[in-house]
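Just the one chain here, laid out as structure tokens, in the form predicted on its own.
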Amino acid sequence: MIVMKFGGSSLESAGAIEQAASIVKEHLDQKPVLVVSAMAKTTDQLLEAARSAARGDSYSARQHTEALRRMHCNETRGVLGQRAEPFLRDSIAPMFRDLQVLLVELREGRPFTPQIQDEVLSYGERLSSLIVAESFRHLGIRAAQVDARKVIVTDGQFTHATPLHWDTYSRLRRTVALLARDRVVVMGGFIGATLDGVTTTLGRGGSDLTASLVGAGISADEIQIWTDVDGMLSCDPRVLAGGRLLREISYQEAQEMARFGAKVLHPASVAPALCQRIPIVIRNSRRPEVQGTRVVSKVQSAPGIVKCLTSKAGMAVVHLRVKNRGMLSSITGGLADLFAREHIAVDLIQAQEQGISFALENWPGLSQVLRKVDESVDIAVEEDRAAIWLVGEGIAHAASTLARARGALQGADVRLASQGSSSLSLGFVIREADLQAAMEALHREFFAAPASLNGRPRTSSIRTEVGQALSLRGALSPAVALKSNQ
């Protein structure tokens, strides 16, 4: 058996659903189980409808739900033709009526809790799984829809529930594994339920996690992630086009790439597959002839090879200077506890002679959190920063990799440089305005010019205000002004 996950962009229209069916037909001998996301942009529309209802704006809530109803009905008719009306009347219309009841309750004062949010958002995957299963039957595929809430068991952390693996695997073996022997099982991703049957969602990237859980639960031979890109690339396509397709990477490399900004695969989705050594394959539903990227337990490549450049914009760098160095350990320990309580993830840390510097995603509440730091600590914050990571097995211990990165970024205003949380990555923080030029310089160094830039002269737009070589343990630049915490 295999698991095939189709994202929202791969199910956005009647034509996309028909394309997905043609792909599934090519794999029928492998007994596929489908995990489907909500149709494109459905989740965002559902969330806006709920927010509108909660603030008493029934007109806006109705507009969002009516747009969703029209879209789902129109695309269903596009696949089913004359057979659509009974299905829409008996299966789809009741779901929209139930959704409307929820929204009316919100409009009339029911609190918009995380639990209610999960209930509203679950309609996206519930609708898409029903429509895909019915469409497949119409297109000649024997299919059965399974409500994911009956088999994906979670705790009660609404909006970001944690799966209860063994309860989930037991239910998957008793239901999905048996059904998949003679039909294509279709179920929604992203959603689950508590042991008491209360609807939950798994958070961002939850459909990938569902696919990995299903794969582990039914002992699948392979998990396929069908999306709108050819696979994982050597650079972030949102920043720099023309990167090379990575044919094979390790689970650990995939997790590191995803954690540091790569959007193709959610980091949490790798864990269940990794435990059972199930390969994950990322493929393009619009170009199924491309073999994509395989994520496996062990890659046959020498350590120290850079596999990918990932990036995050919207970062901030915080510099802490401790007046009494003997207090550094207790200050950093207290800061770690504070960040854990506030659910703040630190991406890069660099030790300094008199303190510590770290990079994290910027947001309006950062200054409020930093006010809780001991008053004896001097704090400076640099905003409008971006982080770039070089990812690959063992690159943090490869001196030549660091030297080449120094050379490529020699003219950049690098504010922070550090090994990542493992030996798999090296990270650098630069000004956000320089991100594209820095990515291009690093890509030229480790992969040659991106395809879209071949034949063009190397850009010279990286600013050279500091112009100093990088050092993983260097002191703070004199340009950084440390200010007392107010």
Ligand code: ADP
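Because the structure is predicted, anything quoted here is derived from the model rather than measured. Residues carry their position along the shown sequence, with the first being 1.
Not on display, but discussed next: the form predicted together with this ligand.
Among the residues G231, G217, P163, G392, the one placing a heavy atom within 4.5 Å of this ligand in the predicted bound form is G231. Taking E134, E253, D236, D118 one by one, only a single residue has any non-hydrogen atom within 4.5 Å of this ligand in the predicted bound form, and it is D236.
Stretch 236-244 is the contacting one of 87-95, 142-150, 236-244, 392-400, since its residues have non-hydrogen atoms within 4.5 Å of this ligand in the predicted bound form. Within this chain, Y123 is remote from the site of this ligand in the predicted bound form, having no heavy atom within 4.5 Å. Proximity of C308 to this ligand in the predicted bound form falls within the 4.5 Å heavy atom cutoff.
Taking the partner from the other structure, this ligand in the predicted bound form has no heavy atom within 4.5 Å of any heavy atom of G411. Though the partner is left out of this view, S13 does not reach within 4.5 Å of this ligand in the predicted bound form, counting heavy atoms only.
In this stretch, 101-123, not one residue has a heavy atom within 4.5 Å of this ligand in the predicted bound form; the partner itself is omitted from this view.
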